[in-house]
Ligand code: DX5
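Take a look at this one chain, the form predicted alone, written out in structure tokens.
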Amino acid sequence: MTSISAGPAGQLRIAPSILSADFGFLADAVRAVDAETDWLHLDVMDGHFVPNVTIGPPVVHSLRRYSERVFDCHLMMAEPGRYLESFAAAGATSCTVHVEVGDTAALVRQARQVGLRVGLAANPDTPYEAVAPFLGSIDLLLLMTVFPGFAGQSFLPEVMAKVATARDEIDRRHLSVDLEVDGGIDETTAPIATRAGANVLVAGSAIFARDDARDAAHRLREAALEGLS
């Protein structure tokens, strides 16, 4: 179990998603972007909640030796509660579960009990009202800007209204909650997301599909900052 600090909520963070990296060279990919990485985003898919299968705790454990960054694990799983303890033991810093799975309050408590930071995710068509009751008990709200399950999808701009609503509520209540977006984030959409209120940007293809992943992450950060100016 890791005790790595995620830092103060609200700061701009770039979180490269290894879903778009070459799985044969994940350690190299992680090290290549380290200088421009605040958090590392690890997409976990179970073939049930989404129609794809990716990684699990053994990969998290293997990568932990190559990075001291926050491991931001997005659990696209039908039964995340069965695995929270395993992810914590493997070196995850934070685990995000989907509100669509249900039993949200119990999952939040369980994640806390095993020492994880707690995230809650919502799909693009899930209303803000589904996550609003839990804002005071989580560390991270992830509003998906694509439908989860596959990398390389196009950004859905209509989600920005939900991002803006969440940002207003977080700020109004002075909550220590990071607001994350994931899906179709690149140099064009990053400033749109930060302008709406997101402070954690997950990007896969926009970083790892480039010849120079570190430079791509740097340029993504610069673009995101434009939305804050």
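Owing to the predicted nature of the structure, the values given are computational and were not obtained by experimental measurement. Residue indices: 1-based, along the sequence shown.
What comes next is about the form predicted in complex with ligand DX5, which is not displayed.
Novice: With the partner left out here, if you bring back ligand DX5 in the predicted complex, are 6, 136 and 176 all within 4.5 Å of it by some heavy atom?
Specialist: The answer is no: none of the three residues contacts the partner (heavy atom, 4.5 Å cut-off).
Novice: With a cut-off of 4.5 Å between heavy atoms, is residue 77 one of the residues that contacts ligand DX5 in the predicted complex?
Specialist: It does not: once ligand DX5 is placed as it appears in the predicted complex, residue 77 has no heavy atom within 4.5 Å of it.
Novice: Taking any heavy atom pair closer than or equal to 4.5 Å as contact, tell me whether residue 57 reaches ligand DX5 in the predicted complex.
Specialist: Residue 57: no contact with ligand DX5 in the predicted complex.
Novice: Please determine whether residue 197 contacts ligand DX5 in the predicted complex, using a 4.5 Å cut-off between heavy atoms.
Specialist: Residue 197 lies outside the contact set for ligand DX5.
Novice: Residue-level question: is residue 151 within 4.5 Å of ligand DX5 in the predicted complex, judged on heavy atoms?
Specialist: The answer is yes: residue 151 has a heavy atom within 4.5 Å of ligand DX5.
Novice: Just one of 60-68, 22-30, 166-174, 200-208 has heavy atoms within 4.5 Å of ligand DX5 in the predicted complex; which?
Specialist: Result for this chain: 200-208.
Novice: Relative to ligand DX5 in the predicted complex, which residues of 156-184 have a heavy atom no more than 4.5 Å away?
Specialist: The stretch 156-184, when checked against ligand DX5 in the predicted complex, contributes 182, 183, 184 at the 4.5 Å heavy-atom cut-off.
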